[in-house]
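Let's start with one chain on its own, the form predicted alone, as structure tokens.
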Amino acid sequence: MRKATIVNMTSLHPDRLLPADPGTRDVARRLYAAMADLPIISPHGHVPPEWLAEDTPFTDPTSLLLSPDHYVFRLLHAQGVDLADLGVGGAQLDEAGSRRAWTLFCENWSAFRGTASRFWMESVLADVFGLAESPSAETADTIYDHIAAALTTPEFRPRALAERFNISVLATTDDPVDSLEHHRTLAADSSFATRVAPTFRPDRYLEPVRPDFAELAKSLGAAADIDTTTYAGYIAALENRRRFFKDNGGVSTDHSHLDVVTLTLEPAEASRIYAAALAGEASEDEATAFRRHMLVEMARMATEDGLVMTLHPGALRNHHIPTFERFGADTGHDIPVGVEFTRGLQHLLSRFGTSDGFQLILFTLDETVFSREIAPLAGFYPSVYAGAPWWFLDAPEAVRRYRGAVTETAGFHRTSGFIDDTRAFLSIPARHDMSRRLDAAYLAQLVAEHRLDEDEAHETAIDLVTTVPSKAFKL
């Protein structure tokens, strides 16, 4: 293997994603310079907390950069690459398998032209590993060896990288019954500056249609030390675990269902459906009504414990059944569907939309609702924030469309700040850098059109990566 070295990278253009017009680009350069080196606030993501708590060295380029990143491996799958050859779904690759997976990626590099993944991966290879070579069949081994050697050095341990990336806040996504032992380890370690916050993700505990719902309810009760054989006990257990997350640094809850229709059941009816669900006898309509009722209950609990509620509906999970059966969930084939927010959330917002302390961030995979529904909701309700574009929309053109669709109605300060939403740890700075460049470009255009003074744009640029996410997520 070659010795890992960090070299100055010159192949990435310093003006990438900035406006083509020279005058506007000059303004964008100044705005980007003001925000480029500010700390990263990542209030929603999927980096396993044990990576940082245990600070275990990463083992190889494939398991670090390819198999955790569904943006990358799903596009390779579209090119005909078998997911098993990429280590997806827990498949274990030896060194030869890892190298072969990396070669497959490099051989298919042209498939990433024009994608956000291309921007992120180029930034990782250049800015993190100091590589000037572009991936190809010819450079695959050279790049692999360079990265593998780097991963054996202390500078590439998880904690060292978090410090190098200047991550001030990193939120994880966690099961309600998780012990949060890794978060407690990190919180007790004064030598580690990054704040790692757990996020309460109760989706599967709110879906009575699941065949394992009774087992999940039992495990929830065991974690809370509360009997969950009754609906009242189930509610108490959820409240208990939410408090536990907050006591251990949690700031938000995360909810991803097929829709965001909300309603409130009478207590007796909620109890009846819950009992039927535990017995495996709830109908699909009853289970759907219960889940919609529970979204309102989550909002009610948020008014009491202060956790920020985030919604990101509209993913049809596990679209390709054979892939799900072979590799499991979260293996690249969750596909967006259209979602309606205005009528769906009216009941919830009529009850809690103006409640003190309640905050609701609306994300979507359906960008048609940004200007029609989400921006108008955020432009009226003091509780509602327009979530950043993510998951298929966290890409340059979609981010540009989001700014144009949302800002004129809701302004900048009713948005969430950028959300990287990733398990691909090394791509976090690249993703935030992309957002900062695009925001600088958008603000520069407003200056060029004499819609903002440059000093206002400068202040807004800084707010978008500091004040805005801090306020939206109560940081």
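Predicted model only: the values in this text are computed from it and were never measured. Residues carry their position along the shown sequence, with the first being 1.
Below, we turn to the form predicted together with a further copy of the same chain, even though it does not appear here.
Contact with a further copy of the same chain in the model of the complex holds for all three of L349, P382 and R414, each having a heavy atom within 4.5 Å. The shortest heavy atom separation between V296 and a further copy of the same chain in the model of the complex exceeds 4.5 Å.
In the model of the complex, a further copy of the same chain sits beyond 4.5 Å of every heavy atom of D37.
None of the heavy atoms of S63 is located within 4.5 Å of a further copy of the same chain in the model of the complex.
In the model of the complex, T323 approaches a further copy of the same chain with a heavy atom inside 4.5 Å.
Out of the listed residues L180, I143, A395, M121, A395 is the one that sits within 4.5 Å of a further copy of the same chain in the model of the complex by at least one heavy atom.
Note on the partner interface in the model of the complex: the residue among V27, A53, A410, I428 having a heavy atom within 4.5 angstroms of a further copy of the same chain is A410. From the list 103-111, 276-284, 158-166, 89-97, the contact stretch for a further copy of the same chain in the model of the complex under a 4.5 Å heavy atom rule is 103-111.
Residues of 437-457 lying near a further copy of the same chain in the model of the complex, listed in sequence order, are Y442, Q445, L446, A448, E449, H450, R451, L452, D453, E456, the criterion being any heavy atom within 4.5 Å.
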